[in-house]
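Okay, so we've got the same protein chain twice, two forms, each given alone as C-alpha cells, structure 1 and structure 2.
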Structure 1
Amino acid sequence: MQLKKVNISTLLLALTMAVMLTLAPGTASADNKPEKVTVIYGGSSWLGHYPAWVGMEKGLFKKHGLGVLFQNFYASSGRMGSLIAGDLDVASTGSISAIALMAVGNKSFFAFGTQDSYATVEGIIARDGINSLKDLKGKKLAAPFASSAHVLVLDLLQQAGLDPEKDLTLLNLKVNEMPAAMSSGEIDACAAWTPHFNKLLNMKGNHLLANDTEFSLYKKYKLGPGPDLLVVRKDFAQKYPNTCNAFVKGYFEAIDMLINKPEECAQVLVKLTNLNMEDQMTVLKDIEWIPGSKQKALMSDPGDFVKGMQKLGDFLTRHGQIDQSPMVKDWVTTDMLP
C-alpha cells in the first residue's frame, strides 16, 4: 500500500464545504409522531457508536416509530463532512472534527450530548524493540490524521521531546490498514482505537507503548484526546423535531441497556466490531456510559463537558491544529435531551 504524509489543516479545512445554516431546532407537534420515519446515522465500529447499534438491533428505535440507517465511516472527519453536506442526519463524532468545523465558523450542526467516558481503549502500539516513546526516533509511526489518535500522538511526542517533522516519519493511515502495515514492516508503530486497537495488540510481536491515559489533558482533567460528541444537522433538527425526539428516546434507552445488560448487548455488538465475546466484554468494562438523565448537567450553562471541550479547543490551537479556539457553547443545544 502507498503511505502518504498529509497536512492536518488541509483535512480539517476541507470540511467547510457546507452552506452555513442558522436555524434553531423546531418545536414538536402535539401528537409526537415522527415526521420522518427513517434517520440516517453516521457511525463506525468505534465504541461511541454502540448505543446506536444496540438501539437498532434490539428494536428500541422501532418502538418509537423510527427506523435508523447505519452508515459506516472510518474516521470522524469523513463523517462530519457528510453530515454538513446533508448526507447524514445524526451522528456521533470524535470531538476534534467538530471543533475544527466550529473553528472555521461552520454553524450547520448542533452538539447535543455525550454518551460515554472511556480510557485505555486507544493508544500507540509498537513492534518489538521499541520500548519507549523516545525509541520512535528515526522510525515510521502511522495515525489517521485529523483524529483523536493523531492528537494523542502529537501530544505524546511533545512530552517525549520528539519533533514529528524532524525526528521520525509520521504517516497518515486508516486504522483498518494498520494490521497489514505492521505485519509487513512498512511501519514500526501506529496509533489506533478499538476494535482495531485490540486486534493490533493481539498480533504477535506487538505491544502497547502508551494509551490515552497518558494524554496531557487526561492527566489533568480526565479528558481524552477526542471525547465522543452527539451531533445533529441543524436543518434536520428544525424540520423534524419529533423524529429527533424519537431518536433520542431510543438512543438513551440503548445506553440504559448497555449499563444494565452488557452481556446481552455484547451479543449483538460482535456483529459490528468482529471482536470475540471476551474482547468485547473487556471493551465494555472500560466504558462509563452517561445516561440521558445526566446529559443536561454536562451540556448546559455550560456544563462540565462543554468546559472540557473548550479546553480541548484551546489545546488544539496551542498545537497548531486549528487557527483559533471556537466558543464551543455556541454550538450546543439541550432542546433534544430528555
Structure 2
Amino acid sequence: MQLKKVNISTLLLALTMAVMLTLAPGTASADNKPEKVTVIYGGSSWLGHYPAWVGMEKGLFKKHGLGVLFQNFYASSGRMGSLIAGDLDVASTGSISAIALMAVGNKSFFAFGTQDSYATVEGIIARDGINSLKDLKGKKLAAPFASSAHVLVLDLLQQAGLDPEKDLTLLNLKVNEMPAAMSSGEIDACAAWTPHFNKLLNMKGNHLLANDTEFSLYKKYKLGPGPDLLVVRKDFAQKYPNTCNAFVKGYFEAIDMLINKPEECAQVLVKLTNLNMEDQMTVLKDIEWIPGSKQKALMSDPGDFVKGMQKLGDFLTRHGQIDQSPMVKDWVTTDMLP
C-alpha cells in the first residue's frame, strides 16, 4: 500500500514536471525567447559566411539565447540540398544554386536577406599578352561550371561578341585547380574568386582582365553574377519564429561589427579561412557589408536586389543553364528582417 502511495505521488510529480516542460516553450515564445536554442547553419570559408562565424566567435548569438552550429560545405548546391532535406536550418548560399532550386519548383525555403557585395574579388585573370576579352579568341579559358564565375564568363563573352562554343575552349575547372593549370600553361585564362583569385593575381605573368564590376547586371543593379543570399528552411521559419528573429539580430550585429571593427573580426576569421592577418584584412577591405537597416529596402518587391535576381534567373534561362526562370519574389520574405 505504502509502495502504491509512493508510486502515485511520483507519478503526479512526473506529470506536473511534464506539463511544466510542455508549457515552457509556450512561455518562452510569449517572452520572445527562442523556441529552439540551437540553429544549424550551412557555411564554408567563403567571405559570405564571415558574419555567422563572427557572431558565433564573438558571442553575439549567445547574447540572444542562441547556439549556432556551423556546418561546412564545399559548394552552395550541397548546402542547398542539405537545407531542403532538413539537415540545415539557415544558410548563406550563392544565388545561382538558390535560383536553380526555385526553377525546379522547390518551395521549402525562403530567401530573407543579402549580406555583402564583393565585385572586386572575383574576375577573369589572364596570362600576359591577352589584353582584352576579344584576345581570348582561340584560347583556353577555365571556369567552374554552375558558379558565379561561370555566369560572369558567359556574360562577358557575350558582351565581347564571342561564342563560348565556337570561338574559344571553355573548360570546367575548380578554382583550387586553377593556379597549377595556369602555371603549367594548360590554360590561358581563368575565372575565379577569392582567395584563389588573389593567389592567381599574385602569380608572375598574370593580370586581371575583368572583374564583377563589368557584369551587365552589376552595371544596372549593382548585382554581381552570384550574389550571396541568406536562406531559411520554410518549416523552420514557421515553427520557430523567435529563434529566427534571434538569429537575424545576432547576424546583423555581426555585420555591424565587421563594418566598425574589422581588425577585431579578422582575428577570429583567420581561424575559419587560414589566411594570415594581412591577407584577411585585404579581403575584408574588398567587401561591402550590407547592414540590417538596408535589408528591407533591398529585399522588398520591387527592390533592386529582387529585380536583379529576377534578371539573373532570366539570364540563366537564356544561356540554357536552367529550364525556366522562376518568379523570384515568391521565395522572398521580409518578415524576419529588423
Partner chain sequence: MDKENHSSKPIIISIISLTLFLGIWELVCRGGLIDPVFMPAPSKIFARAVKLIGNGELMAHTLASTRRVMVGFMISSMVAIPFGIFLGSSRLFMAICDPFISLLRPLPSMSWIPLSLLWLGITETQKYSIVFMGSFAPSLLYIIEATKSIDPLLIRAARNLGASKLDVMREVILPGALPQIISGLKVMLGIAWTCIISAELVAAREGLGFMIMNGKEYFQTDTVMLGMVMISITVMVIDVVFKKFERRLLPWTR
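Note that the rigid core is defined as the largest set of C-alphas that superpose within 1.5 Å between two forms. By convention here, residues take numbers in order along the sequence of structure 1, the first being 1. What you are looking at is a predicted structure, and each value in this text was computed from that prediction instead of being measured.
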Q | Of structures 1 and 2, the form predicted on its own | A | 1
Q. For N131, is the C-alpha shift between structure 1 and structure 2 2 Å or more after core superposition?
A. yes
(Q) Checking K199 here: with the core superposed, does its CA move 2 Å or more between structure 1 and structure 2? (A) yes
Q) How big is the turn of the smaller rigid part relative to the larger between structure 1 and structure 2, in degrees? A) 16
